[in-house]
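For reference, the chain that follows is the form predicted on its own, supplied as structure tokens.
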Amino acid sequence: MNLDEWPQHIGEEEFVLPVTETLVGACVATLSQDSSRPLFYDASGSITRKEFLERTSHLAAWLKTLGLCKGDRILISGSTTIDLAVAHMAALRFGLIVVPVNGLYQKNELEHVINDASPKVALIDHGEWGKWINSINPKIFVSDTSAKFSDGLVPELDQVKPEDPALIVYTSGTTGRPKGAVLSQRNLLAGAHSVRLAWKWTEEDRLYLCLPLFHMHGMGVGLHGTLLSGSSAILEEGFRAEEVLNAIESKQVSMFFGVPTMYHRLIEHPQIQKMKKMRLCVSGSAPLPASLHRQFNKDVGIQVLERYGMTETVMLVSNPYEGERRPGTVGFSLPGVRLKLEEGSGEILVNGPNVFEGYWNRPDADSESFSSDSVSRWFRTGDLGELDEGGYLKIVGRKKELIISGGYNVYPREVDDVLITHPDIEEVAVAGVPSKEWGEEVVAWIVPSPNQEAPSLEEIRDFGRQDLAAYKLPKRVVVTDALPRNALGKVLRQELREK
């Protein structure tokens, strides 16, 4: 089905960006009003809008003393703290291109990013990284993310243009070496502005943000959305269910953004009823099992809002804030976003001001990732989608993860969603492995439920027959203690296939 004809979007009003069309311009305009209003809280204390703008100005002045100029790259990596938020925004206001990096990277992964992006400065909070960076490129100036103060004149800030590059964010690398997606000021503004509108995000909200700020979920949605809306946020270094639940009352939290693993931990906590006071709970970065969505709604009375986005596009699709949030789906396109399903493959193609222009120094990847019609340029997400009877979009798998067994297409997620409902299975992931007979065969990796024996292959096949065609049933089962996942909980199926 061609989604150009798909009438359902979140919000019918015309999508218009704030007048500056830059993330920093719009955020500074918001934060310059009611300057004494609290903005961020972390373990070290709090900071007002005025103090935040002052600290970003001072840090920008210090960066200028290092000889940096607009368009230079700066690598930033650290915990979710006020210091990191200040460093991130100071660099953007100065016109630098921020390269946010996963703090779990090992030396060879960090070396790839450094050699590819060529940053001149690194602000990091990881002890051994300083030695690593010095050995990779001794010309890079290395410091921590704590705000520096300079006696020099503050450089001219917020002079960036909408099309200026703001971030180079490296993809997760689930298929080959990570590529640097270049996102402009306009891209980042459009992504944050669309969810602000769709989720009725106002300055009265307070977000509990424990997601890492190297990733689009925590940074492009959580951090940028807070700055754009003028709301406030509790910044936490990591997730602890008890801390989240206690903050709802003690710190008047109204919003929580998390990944499915966090919702699993929350629903198991004896004080989960505290979540009833939340205005909005959002899940993303990995599929939220429909069973967990229903359990949360049954036990807590809250419908978790699942949405869909990518490194290259910020946010694309969301279940509605007002109306049914349908389990197992990601909803409708956000304001400003256009989608269509490619004929034949079902791949999701997207277009809009949130969509990046291309990868850093990778014209070969650009040519593979974009297609054009007579009117627009479309980004190939690599995700496969379908619409249910209500017009809600469902992600059925990754194009490169598609299993072709005996000539039939098998979407791993479809099988996952059925098998995870088995009472003796705690976690499951399906992948295709080479087979002389079938081309590929379906293999299920399972983590048994606590204190339960792993079900046998025949038990699993019998369980799945009521919902799955015979060719979709696993031909082998591998019992494991844990599934390989990236930092935000997404299963790395490629690693399963390589085992």
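So that there is no doubt, residue numbering starts at 1 and follows the sequence shown. Note that this is a predicted model, so its numbers are computed, not measured. We call the rigid core whatever largest set of C-alpha positions still superposes within 1.5 Å between the two forms.
This protein has a second form, the form predicted in complex with a small molecule, left out of what is shown; the following refers to that one.
Participant: Can you work out which of Leu228, Val121, Met310, Leu292 has a heavy atom no more than 4.5 Å from the small molecule in the predicted bound form?
Facilitator: Spelling it out, the residue with a heavy atom inside the cut-off is Met310.
Participant: Can you pick the one in Pro212, Gly346, Gly336, Pro178 that has a heavy atom within 4.5 Å of the small molecule in the predicted bound form?
Facilitator: Going through each option in turn, the one that passes is Pro212.
Participant: Can all three of His217, Trp438 and Lys475 be found with a heavy atom no more than 4.5 Å from the small molecule in the predicted bound form?
Facilitator: Per the other structure, all of His217, Trp438 and Lys475 touch the small molecule.
Participant: Does any heavy atom of Arg265 come within 4.5 Å of a heavy atom of the small molecule in the predicted bound form?
Facilitator: Taking the distances in the predicted bound form, the answer for Arg265 is yes, it comes within 4.5 Å of the small molecule.
Participant: Would Ala43 sit within 4.5 Å of the small molecule in the predicted bound form, counting heavy atoms only?
Facilitator: Taking the distances in the predicted bound form, the answer for Ala43 is no, it never comes within 4.5 Å of the small molecule.
Participant: With the partner left out of view, is Ser285 within 4.5 angstroms of the small molecule in the predicted bound form by any non-hydrogen atom?
Facilitator: Ser285: contacts the small molecule in the predicted bound form.
Participant: Verify the contact flag for Val259: yes if a non-hydrogen atom of it lies within 4.5 Å of a non-hydrogen atom of the small molecule in the predicted bound form, no if not.
Facilitator: Answer yes; at least one heavy atom of Val259 falls within 4.5 Å of the small molecule in the predicted bound form.
Participant: Among the candidate stretches 105-113, 406-414, 370-378, 245-253, which one is within 4.5 Å of the small molecule in the predicted bound form when only heavy atoms are counted?
Facilitator: Careful reading of the contacts points to 406-414.
Participant: Once the core is superposed between this form and the one not shown, does Lys70 show a C-alpha displacement of at least 2 Å?
Facilitator: For Lys70, whose C-alpha is compared between this form and the one not shown after core superposition, the shift is less than 2 Å.
Participant: Taking the rigid core as the frame, does Ala470 move its C-alpha by 2 Å or more between this form and the one not shown?
Facilitator: It does, since the Ala470 C-alpha is displaced 2 Å or more between this form and the one not shown after the core fit.
Participant: Are Val443 and Tyr263 closer or farther apart at the Cα level in the predicted bound form than shown, by 3 Å or more?
Facilitator: Residues converge in the predicted bound form, at least 3 Å closer.
Participant: In the predicted bound form, the Cα separation between Ser405 and Gly346 changes by 3 Å or more relative to the shown form; did it shrink or grow?
Facilitator: Relative to this form, farther apart in the predicted bound form.
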